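In the block that follows, a single chain appears as structure tokens, in the form predicted on its own.
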Amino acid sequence: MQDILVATEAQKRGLDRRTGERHYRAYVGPAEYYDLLASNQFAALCRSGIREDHAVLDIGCGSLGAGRLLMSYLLPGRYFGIEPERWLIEAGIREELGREFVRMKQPTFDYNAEFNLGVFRRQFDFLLAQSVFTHTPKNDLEKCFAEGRRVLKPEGLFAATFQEGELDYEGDRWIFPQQACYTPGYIDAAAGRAGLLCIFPNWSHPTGQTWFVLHHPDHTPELETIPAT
């Protein structure tokens, strides 16, 4: 009986699925890292100075791995998410949060796949994009940077990850679950073209991606180091 219960729990958590399979945890990354990826994102924003009354836009929020932590911390109505795969958000609410929690925290979602960050008609203290640019072609990446500049408050921060490589991905389409790699030089230059500055803080990541933070030129943020886990 104990073995059956363990197997059932593993299946519920998607531990028997490959990354990219249609399970709300496995689809967004290695299922065994679902909790670690969530806490890593939350820690990144905490070390960046997030407060409970800040407004956060979670780009590619998926099944709300980080969203469940952010919503718990933020005041009602402060969490916003964009996710093209609507079923992921619905599964995250059903399996991780519950309808009552969502009614209490009042998040707002949009399901566009065009990196249209202006759909909420407001500005944000923080933008978050974990493992989005690891699958994104240059034109979408640069559009997201430009959109980010428009919706980021003057002292806001845009924290994101990318897969570092020796060459820049030259494809013209989203690839998943395969990864698109970029050089730090390209990320920095793309930020400059969007009118933003780029910092590469010494932050760890459970799957080895590289964190970077974008900010307006007239604001110099102080970022704390996240110790390796």
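The shown structure was predicted, so the numbers you read here are calculated from the model rather than taken from an experiment. Numbering starts at 1 and runs along the sequence shown.
Only in words, not in the display: the form predicted together with a small molecule, which the text now covers.
Gln41, heavy atom within 4.5 angstroms of the small molecule in the model of the complex: Heavy-atom contact with the small molecule at 4.5 Å: present for Gln41.
Any non-hydrogen atom of Glu96 within 4.5 angstroms of the small molecule in the model of the complex: Residue-level check for Glu96: no, no contact with the small molecule.
Pro76 within 4.5 Å of the small molecule in the model of the complex, heavy atoms: Looking in the model of the complex, residue contacts with the small molecule do not include Pro76, since no heavy atom lies within 4.5 Å.
Contact of Leu141 with the small molecule in the model of the complex (heavy atom, 4.5 Å): Outside the cut-off, so no.
The small molecule: the contacting residue among Gln123, Gln106, Ser72, Asn112 in the model of the complex [heavy atom, 4.5 Å]: The residue from Gln123, Gln106, Ser72, Asn112 that makes the contact is Asn112.
Among the candidates Val151, Val132, Ala91, Ala146, the residue which, in the model of the complex, approaches the small molecule to within 4.5 Å (heavy atoms): Contact check passes for Val132.
Stretch from 165-173, 61-69, 46-54, 187-195 whose residues place a heavy atom within 4.5 Å of the small molecule in the model of the complex: Answer to the contact question: 61-69.
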